[in-house]
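One chain is shown next in structure tokens, namely the form predicted on its own.
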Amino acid sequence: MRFYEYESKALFRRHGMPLGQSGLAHTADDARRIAGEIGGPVVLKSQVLSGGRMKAGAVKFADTPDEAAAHYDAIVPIVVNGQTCRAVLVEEKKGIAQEYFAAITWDGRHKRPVLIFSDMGGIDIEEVAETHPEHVSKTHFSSLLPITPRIAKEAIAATGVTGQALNRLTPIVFELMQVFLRYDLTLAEINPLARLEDGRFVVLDGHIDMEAEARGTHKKLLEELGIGAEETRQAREATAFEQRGAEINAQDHRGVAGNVVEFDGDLGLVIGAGGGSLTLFDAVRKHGGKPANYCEIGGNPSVKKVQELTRLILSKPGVRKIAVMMNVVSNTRVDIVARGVIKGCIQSGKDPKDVLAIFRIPGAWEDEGFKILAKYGVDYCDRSVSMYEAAGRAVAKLNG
């Protein structure tokens, strides 16, 4: 889940990272007041969960409080990559002497965190890596063993940074590494990390992504930052459909029926088993199907949880059928899932045999589950049918 810039900076501030004076404006009067308190030139930035704000005109500079208020009114209506403005961050604007880039993310190939640093910040790191590779360093470190500032210092020095700049940057980058590990993040990025003309080092922009499964572990932090439990953020704010999916999952501790993501297709998906759900989603698309949603199910959810999830998906405009599929083998009780989807269909006023394109869940109590499906005339298959073939059957049934 992704943090807004102001939330990322609030977390950075807790850990002593250098930040300029700022405030979050929800009205033009707020922007005027904050600019007056700062007492100098300010920058106003739309708070969206997306890049491209500058190109969209959602970042503006003001020299006076009245100008800041006018810019607030101009920024709020701007839609950035399909996202509307939640608030406007008003920050002090200072002269920049040098910009740096620092980020920690997870390297799946090496199965370790990697620190990426560049002395050419403020622009896309991919562009720097391609045109000036000598200005980018990549340093892996352990997520299990203790880390020291030496790792950060060597990563920074590898790009040619020396002297006072090296000594001032090291504790900031090292703290970023610790934040990444402490809060189960998938991304902790500062771009740019600036050296100002007055000699100060300041975090000008920051991005944080947290592992969705870590929300429970860091519930207190999220509450303090004002991030609601219903906000299943990704690269955008959650839709009402996605929020309802999270509510259904939270109503019962048994099993999983969550991580619901909305798409604009016509085939509803109730799919599961970790990586198997991604495989099934891709298989549907490979066969020419258009998923209406992504959703994970597993771990023996209750009948009611499956039932409510089915009703939610069938309530989505444009959904014509649902495919219920899981991985090669699982411990999920097939009869429970079968009862849940059947009930969900009936309560939605649908005939199960008409709206269930395919049911493929290999697991416990298969025979009982298959009897339930057969009673209602639902097309089902066992584990002898591959996930790819089951996805193809679902798409064919939809198009047939």
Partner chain sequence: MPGMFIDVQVDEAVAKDPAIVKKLVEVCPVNIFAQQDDGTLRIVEENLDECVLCDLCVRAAPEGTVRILKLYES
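Here, rigid core means the biggest group of C-alpha atoms that superpose within 1.5 Å across both forms. Numbering follows the first chain given and starts at 1. Quick caveat, the model's predicted, so the values are computed rather than measured.
There is another form of this protein, the form predicted together with the partner chain, and it is not shown here; the text below is about that form.
Taking the partner from elsewhere, no residue among E262, Y294 and V319 has a non-hydrogen atom within 4.5 angstroms of the partner chain in the model of the complex.
I342 is the sole member of L49, I38, I342, I358 with a non-hydrogen atom lying within 4.5 angstroms of the partner chain in the model of the complex.
Proximity to the partner chain in the model of the complex, defined as a heavy atom within 4.5 Å, holds among S302, Q243, N81, Q178 only for S302. Of the stretches 303-311, 223-231, 169-177, 201-209, only 303-311 has residues with a heavy atom within 4.5 Å of the partner chain in the model of the complex. Among heavy atoms of T27, none comes within 4.5 Å of the partner chain in the model of the complex. The partner chain is not drawn, but in the model of the complex it has no heavy atom within 4.5 Å of R32. None of the heavy atoms of A58 is located within 4.5 Å of the partner chain in the model of the complex. The closest heavy atom approach of R254 to the partner chain in the model of the complex falls within 4.5 Å. Shown here without the partner chain, the chain has R339, I342, K343, I346, Q347, W365, E368 in 338-368 lying with a heavy atom within 4.5 Å of that partner in the model of the complex. A displacement of less than 2 angstroms separates the C-alpha positions of I34 between the shown form and the other one, with the rigid core held in common.
In this overlay on the rigid core, P65 has a C-alpha that sits less than 2 Å away from its partner position between the shown form and the other one. After superposing the rigid core, the Cα of R195 is displaced by less than 2 Å between the shown form and the other one. Compared with the form shown here, the C-alpha atoms of K111 and G255 sit at least 3 Å closer together in the model of the complex.
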